[in-house]
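The form predicted alone is given below as one chain in structure tokens.
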């Protein structure tokens, strides 16, 4: 790789971008102008509107049903409220026309005074305040009236106590004092830390998206990509040069945004310096955030460069960029949510980790270990993303992709073809939505019956119907073939090491992302509340048949042309998503890969069905009877496998797998590839 050529490409792309007025305006000018206009402008407008609201006249109607000394006193006190007027009395009090006056904002509140007697014989005045919460003037009027009535109440109580010669201090049983140990700078960081991560992440994605879509997809559209490809620079050098260009422009944009935000906040605080007590913005925190944004910038740059490389034009690139932007928006909003703290688990989740880390930096309470994990995990993802970009740029079929995308007519001319990726994805999404909305409702009403109906009516029945409608050969499609009887014995033996390995994986997930106790209790209640035979039928047999017919029978055939292993992995990922369980998604996906391997190795769906049944049955039996077996009670600690069990489990699994592969040697992957 020639770094001199990379530098030439880098300079050329930067020069082209800086010649583009759109790039200069969106990436350089707007950050400098936008924040002062927004922050200072909105701050001034808010102050002005608040002052204007304070000075506006408030008109209320007072209906006094008491007409005694106390009610007259209340009317007099209300008249003393600044900018508040009481409208003249009406002959007949009726709330209906007053409601209309409130709705059209002619008046701001209605106060209806009535009285009653307490059990002690003292008068209790009942003040009903009718107002419009959606109107700022009406809400402000309500607050002023309620504050004034609270003052009058305290005065009346004090006068009553004086009459019976009791000191008012007897009412003070608890004196509440509040002491906030957080310094002003930390309070400021707490406020900024909520929206700053969200803002920076969205700006990073949007600025990188603008540049990346122009660098490759834009060149395809302008027919200039071929010119640069015939230059002396190699494909890898072109990718790195464009990649560095995206990083540079994005970092400049982030730097200008941070600088502009800092100056804007500084200007606002300087105006209110007397109220803020000379509070200073944490410039060191802003600088650290800028440095830490570099790995995130490189990640998004590589990801968006891959999208731009795959796209045929800028419009298509922008459509593919939208899920990235929406995903970034949703994940970055974690900084707004209470209860989310940066932990080892969250430090591994892209975007979420940076959002929480930036918030902690603004609070001045971040840990170096978390910072290291966040940066390291992002760099690993960055390497993977840039590798994908280079692979795409070296693939002629992708780089010069000219075929139009298929429309929503997924079947095309052949209405019976239900084995296209487009139709398969659509069918999967429909099934997933049905599982969530319909199956979820059934299971909420009655868990056991709901599970049975879900498996049969939502998973199995639509799969069989779609195969029947397409007039597919169900026996051939589902691979309802005979297999070596020894396979069933080996599957039972393999279920034991697989159970241990999956259990250890769940324990590791629990360390990184603690599983709620309510989650485990719900599973335990499910297996304990019904008979063992019904449990085996609902949790093991039905899922084994219905889910395997859907995934290893139909879905895996949808992606068969992509290659055996690709079809296995894609189907397994969809299998994991289909369970709608973030804690079990990784183990279930790995089990899906295992089921797919069994299917192609034996060329029979009977083995994946039996393996699914065996794994679920074994987990169910151990969960139900482990505490009744003295041997398991001694080994299992708090229901968990010792981690050293992983070594013999792997050895046993490999040994049995070799026997399994030898028995099914005639149905190996190589033979299937020749079909």
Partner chain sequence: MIEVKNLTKVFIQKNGEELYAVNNLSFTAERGEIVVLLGVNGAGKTTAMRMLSTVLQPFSGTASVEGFDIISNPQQVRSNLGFLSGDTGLYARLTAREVITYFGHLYDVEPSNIKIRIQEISNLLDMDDFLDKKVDFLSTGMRQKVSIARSIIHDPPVMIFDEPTAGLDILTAKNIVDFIHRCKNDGKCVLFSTHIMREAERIADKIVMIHEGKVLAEGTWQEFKQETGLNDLDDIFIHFVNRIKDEEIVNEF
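Quantities reported herein were computed from a predicted structural model and do not represent experimental measurements. Numbering follows the first chain given and starts at 1.
Another form, the form predicted together with the partner chain, is not on view; read the next lines as being about it.
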- Task: Sort through 448, 432, 371, 233 and report the residue having a heavy atom within 4.5 Å of the partner chain in the predicted complex.
- Result: 233
- So which of 376, 562, 227, 146 gets a non-hydrogen atom within 4.5 Å of the partner chain in the predicted complex? 227
- Item | Proximity to the partner chain in the predicted complex (heavy atom, within 4.5 Å), stretch among 352-360, 546-554, 219-227, 291-299 | 219-227
- Query: Given that the partner is absent here, does residue 396 sit within 4.5 Å of the partner chain in the predicted complex, heavy atoms only?
  - Reply: yes
- Flag residue 150 as yes or no: does it have a non-hydrogen atom within 4.5 angstroms of any non-hydrogen atom of the partner chain in the predicted complex? no
- Using heavy atoms and a 4.5 Å limit, would one call residue 99 a contact residue for the partner chain in the predicted complex? no
- Query: Hey, in the predicted complex, is residue 344 touching the partner chain, heavy atoms inside 4.5 Å?
  - Reply: no
